[in-house]
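Shown next are two forms of a single protein chain, provided one at a time as structure tokens under the names structure 1 and structure 2.
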Structure 1
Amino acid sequence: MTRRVRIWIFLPALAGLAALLVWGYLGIPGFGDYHGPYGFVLDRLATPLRHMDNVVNATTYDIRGFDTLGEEFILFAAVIGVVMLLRDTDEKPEMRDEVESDLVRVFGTLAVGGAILVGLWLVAFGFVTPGGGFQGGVAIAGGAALVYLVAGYRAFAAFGDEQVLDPIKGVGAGGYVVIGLAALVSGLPYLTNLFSGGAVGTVWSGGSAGFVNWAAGMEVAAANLILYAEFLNQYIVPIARRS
């Protein structure tokens, strides 16, 4: 199939996608135009009942916790699928340090620590301020991936070791399930909050939902780092080595 034929096949699909995007954009309600009843109900009940200031996380990890379990395992399965597609049997690429600037290494390393610290803060205070396990996990993985940019592949290899990341990913995903099963063993509905909510506005608010939050953070951070490592191994590092 020639390039011209592929373009003519692609153009109708592109036009259809553009039409759907325009249609969806025109149907977006104005800012603050909300008529659904559930948001107002949750806004009134989340803090007094769940002891959580962040209503979004109260909904995600407590009120709607079982649905979030499915979302976490979607990520779990997606990472497994991508790794299977990317992985081959070739010999691992040679590790080389490409960053030669001492200034980039020094200040970049400080930025790595800051990014990981922000990620941990997002997970820990997810029930107090905007954040949570998913957001914090992505930030932690991004901070670790920054090591490759500021220090080279050799330094990043320690963060991308699948023998370490796979158990962390499994513990994070499995921990979410186990916390829910603990409620069933206690004779309560799945993922029922087993502990008291704690003081509102503190890191201890949320009760057992806080453990669910940390489990999600572990799984998301490890899953994203596995993806970064596979992409680097299969594409970025071999290309840099050939050049």
Structure 2
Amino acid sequence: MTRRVRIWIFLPALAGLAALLVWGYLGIPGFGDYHGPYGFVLDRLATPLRHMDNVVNATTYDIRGFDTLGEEFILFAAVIGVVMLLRDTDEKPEMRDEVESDLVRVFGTLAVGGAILVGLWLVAFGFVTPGGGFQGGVAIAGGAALVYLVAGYRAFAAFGDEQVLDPIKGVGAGGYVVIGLAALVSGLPYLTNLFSGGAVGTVWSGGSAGFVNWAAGMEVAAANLILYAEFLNQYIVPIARRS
């Protein structure tokens, strides 16, 4: 199919999409005039009922926790797909660390610690301040990825080791399921927040949703690091072969 044909097929579809969009847009409230019930109910209930200040995360890991479970497994499956597609070689090239500037290495290493600490803080206080497992997980993985920038491939390989990351990712995904089962065993609906009695505004305020939050953080951090390591390997192996 040539480009021209594709554009001609696209145009009627675009007209259909435009019609749908206009129809839909006519029915939604003007920008800033939203009066849907759910957000407002959650705003009033999350703190007294679930002891969580951050209503976004109360929604993500507790009230809408079952939905997030599904999203976690999309992430899980996508990462497995990437690993299966790219793992045509288990070659781990021996390379010298490329970064030779001591200044970059010293301050870079400090930045790695700082970034990972920020990531952990984002996860830990996810129910109090902005943050949570998803955001914190990405920050932790980003901190570890910094190692490649400030030191090199050899130093990063320790962080990108799948022998370590696979179990973390598995515990993160499986832990989410098991925490949900714990409620089921207690005779409550799946993923019911158990012992949500932690004091509001503390690390413990999440109850069992706090563990869900940490499970998501572990999975997201490990999944992202696996992706970085896989794609980095695609880049490094040909270079190592040439030299």
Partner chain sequence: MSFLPYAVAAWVCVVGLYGIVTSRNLIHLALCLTITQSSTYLLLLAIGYVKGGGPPIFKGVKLGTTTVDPVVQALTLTDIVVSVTVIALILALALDVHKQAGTIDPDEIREMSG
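Here, rigid core means the biggest group of C-alpha atoms that superpose within 1.5 Å across both forms. Counting starts at 1 and follows the sequence of structure 1. Computed from a predicted structure; not experimentally measured.
Looking at both structures, it is structure 2 that matches the form predicted in complex with its partner chain. After superposing the rigid core, the C-alpha of residue 29 moves by 2 Å or more between structures 1 and 2.
Look at residue 16: with the core superposed, its C-alpha moves 10.9 Å between structures 1 and 2.
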